[in-house]
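The chain below stands alone, shown as structure tokens; this is the form predicted alone.
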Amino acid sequence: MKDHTPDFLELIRLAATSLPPDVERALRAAVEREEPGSSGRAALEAILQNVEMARAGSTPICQDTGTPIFTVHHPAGWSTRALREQIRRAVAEATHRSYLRPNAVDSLSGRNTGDNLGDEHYPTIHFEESEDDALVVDLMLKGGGCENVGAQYRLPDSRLKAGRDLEGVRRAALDAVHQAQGKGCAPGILGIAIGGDRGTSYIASKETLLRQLDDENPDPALAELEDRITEQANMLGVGPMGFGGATTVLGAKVKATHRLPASYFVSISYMCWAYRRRQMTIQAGEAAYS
């Protein structure tokens, strides 16, 4: 199997330094919704200036370069051990080149490894065997600030008057945005999972964040819920970076998973405006990025 370390390195560089086009379009549209001269508009204008400078200089979009989360769909017969080693080499080299900040800290000693390589969970790598002959890798860089304001709800929730239905999900999502109050570097994007157990629900909530901002959920009920949550979250007035305004979230993505009858979890992964995700496809030895 070919060594794809250089390809993984380029994927990391793009994710860390060049905001995806759909996210940049959403931010530019958000500027026009804010009042001229307002703090919210000024924050968005500063964000967009930062985006342009980061792309031009191949420097990180944010000083918190986040947890690298890789989702790898590989052809049958490929060695996941070899792919893991190549990804880890690329992460270490990306850190050396300052595309990533050293972030991997031992939870017991507090020691920073200096190269973003920790135990088997850092960086995070999910492998799935695919039916075709292409290697497809999604990378998301999940910042610590927005991770801190993620939330998980167990429905029913009497405090929110939230039952085990989509109305309950809506109430939980809006509560999470209200509780964040801009601390996750608003405007944010919500990845919401309904169902599962505690662990798989959080995994699914992050999987939804790999969707394009301007796509449409194939389930009409969930598509309507996504629109309602986005509209109503933006009525809360939290605004960019918590300064107040019309844009508190750029979108919401919802996924429903199977669950046990006894449990009804709603897990919300909050992504900051620095919505860093990129995809690499390698076919016939050639890499393409989107």
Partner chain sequence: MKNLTLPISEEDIRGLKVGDPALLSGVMLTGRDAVHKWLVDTFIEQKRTPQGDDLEVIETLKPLMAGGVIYHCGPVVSGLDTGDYSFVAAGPTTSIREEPYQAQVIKAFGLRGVIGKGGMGPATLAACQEQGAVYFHAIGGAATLIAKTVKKVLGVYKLDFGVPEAIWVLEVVDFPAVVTMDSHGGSLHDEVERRSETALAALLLKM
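Just so it is clear, the model here is predicted, and its values are computed rather than measured. Residue numbers count along the first chain shown, from 1.
Not pictured, yet referred to below: the form predicted together with the partner chain.
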At the 4.5 Å heavy atom threshold, is Gln212 in contact with the partner chain in the predicted complex? no
Taking any heavy atom pair closer than or equal to 4.5 Å as contact, tell me whether Ala54 reaches the partner chain in the predicted complex. yes
Can you tell me whether Ala26 touches the partner chain? I mean in the predicted complex, with a 4.5 angstroms heavy atom cut-off. no
Is Arg259 close enough to touch the partner chain in the predicted complex, meaning at least one heavy atom pair within 4.5 Å? no
The partner chain in the predicted complex: within 4.5 Å of a heavy atom of each of Ile47, Gln63 and His178? yes
With the partner removed from view, which of 160-168, 126-134, 74-82, 201-209 is the stretch that lies within 4.5 Å of the partner chain in the predicted complex, judged by heavy atom distances? 160-168
Looking at Leu174, Ala151, Leu117, Leu155 here, can you tell me which has any non-hydrogen atom within 4.5 angstroms of the partner chain in the predicted complex? Leu174
Would you give me the residues of 211-238 that have any heavy atom within 4.5 Å of the partner chain in the predicted complex, in order from first to last? Arg228, Gln232, Met235, Leu236, Gly237, Val238
